[in-house]
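In structure tokens, the next block holds one chain alone, the form predicted on its own.
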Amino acid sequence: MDYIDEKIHPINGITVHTVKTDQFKTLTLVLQMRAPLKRDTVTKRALLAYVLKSATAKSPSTKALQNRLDDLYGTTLSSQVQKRGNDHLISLFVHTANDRFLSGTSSLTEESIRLLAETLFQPHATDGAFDEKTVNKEKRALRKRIEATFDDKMLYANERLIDEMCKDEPYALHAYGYTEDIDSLTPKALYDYFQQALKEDEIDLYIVGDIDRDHILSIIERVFSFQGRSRLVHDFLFEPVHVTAPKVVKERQDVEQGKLNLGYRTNIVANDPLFYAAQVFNGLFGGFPHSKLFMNVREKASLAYYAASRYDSYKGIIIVMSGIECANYEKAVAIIKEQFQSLQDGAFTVTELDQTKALLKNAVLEALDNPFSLIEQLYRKVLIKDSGDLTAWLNGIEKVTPDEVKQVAGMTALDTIYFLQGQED
């Protein structure tokens, strides 16, 4: 069964993905710029993502741009930065109404595509430098965004675990960069890096909606006017890391609820034969409400306000996140380890296995109800250089055996324990 009608078109040095569906009454465009995670570029890329969506040459202020978007039936333009394994992504989003469902207009699709192209080819810049006022505004916003991580202790604990667990690996770099780098980023230096990124990043453009493919592609060929750009394809790079002994890192702050996070290495990534089994293993461990962590750490033992795990298939790690009373640290660590050991011993039922598979498949199918989640699913294939479709993924999950889950558990090792505790504990 074909769940997704995706066609791929190399155009002007980038890869265009058209997804035709009558499921949405909107048109969604997402431009992905992919580059390796590097310490000297993470802050530049984070700032660049927000400078590009803040203003353009035709709309040289945030207010002017917003007024223009309002005139386009409430079209939205946004951006974000993310890390996926050892890659750093800049994403630009345009979300608008579909011409087919509007009376008296037929240019909204073209206007939206032109607006996205404008952020790249006609940014608010003069004489080889971004507008200083715009850059300074986004510098302040980026600084606040980075500093806000400290106030969100759940997010902070997760970031600190990765800092310690993946020290000296690109994955330890923060997606939004570092406050100490912000002041040195001049409008000219940022613009120079932008020109480099346009030449060297792997660029994919997704268009999702009830579209006329030929019409869409003809517009893209006209307005995405890259000069002399070759279509670039970056490899998916992964290096296994073998654990010798778990690290324990404790930090004190003025917090009432302790944050206990554990990092495990599976060394199983998205193109591994055991990838599907790793998904199921994480679901049984802490991915769902019926999981070992939720049922035994949170519900039965009442040791945690929350307890869950997340599998990062681009990095081959599993992160356990929990909020506990600081005095319960030893008990919580012990019972989390017990749940992990129980999976290594195969202490799960066929019913639990089937329930986990069903929830995994439902989560992916539900993601297709949102155009942005749909694009995220499709872009995964680009990141890991995989040609498999959704049907293959669903079949892969369904075929996972108990022995494969035990095999994943046996390959997985505890790398780091991070505990954020109160000053008085």
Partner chain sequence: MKTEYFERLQETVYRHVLDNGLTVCVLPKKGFHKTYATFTTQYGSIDNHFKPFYSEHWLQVPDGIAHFLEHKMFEQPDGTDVFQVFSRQGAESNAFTTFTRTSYLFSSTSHVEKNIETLLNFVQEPGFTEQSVEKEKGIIGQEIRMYNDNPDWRVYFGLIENLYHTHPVRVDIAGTVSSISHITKDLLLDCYRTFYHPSNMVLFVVGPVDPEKIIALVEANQQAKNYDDAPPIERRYPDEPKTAYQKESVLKMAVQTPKCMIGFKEGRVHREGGDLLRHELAVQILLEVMFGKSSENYQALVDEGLIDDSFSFEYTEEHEFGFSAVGGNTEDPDRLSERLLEIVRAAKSGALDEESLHRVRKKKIGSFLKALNSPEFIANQYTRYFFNKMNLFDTVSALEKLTADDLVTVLNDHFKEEAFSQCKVVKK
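All values derive from a computational prediction rather than experimental measurement. Residue numbers count along the first chain shown, from 1.
The discussion below concerns the form predicted together with the partner chain, not included here.
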Which of 271-279, 213-221, 332-340, 150-158 lines the interface with the partner chain in the model of the complex (heavy atom within 4.5 Å): 150-158
One residue of Arg100, Lys139, Lys188, His234 in contact with the partner chain, assessed in the model of the complex (non-hydrogen atom, 4.5 angstroms): Arg100
Single option in Phe294, Tyr206, Tyr311, Tyr264 placed near the partner chain in the model of the complex, where near means a heavy atom within 4.5 Å: Phe294
Thr351 within 4.5 Å of the partner chain in the model of the complex, heavy atoms: yes
4.5 Å heavy atom contact, Asp403 and the partner chain in the model of the complex: no
Glu325: touches the partner chain in the model of the complex, heavy atom cutoff 4.5 angstroms: yes
In the model of the complex, Glu256 touching the partner chain (heavy atom, 4.5 Å): yes
Candidate spot Gly74, Phe288 and Glu299, all three touching the partner chain in the model of the complex (heavy atom, 4.5 Å): yes
Within 363-393, the residues that have a heavy atom no more than 4.5 Å from the partner chain in the model of the complex: Leu365, Glu366, Leu368, Asp369, Pro371
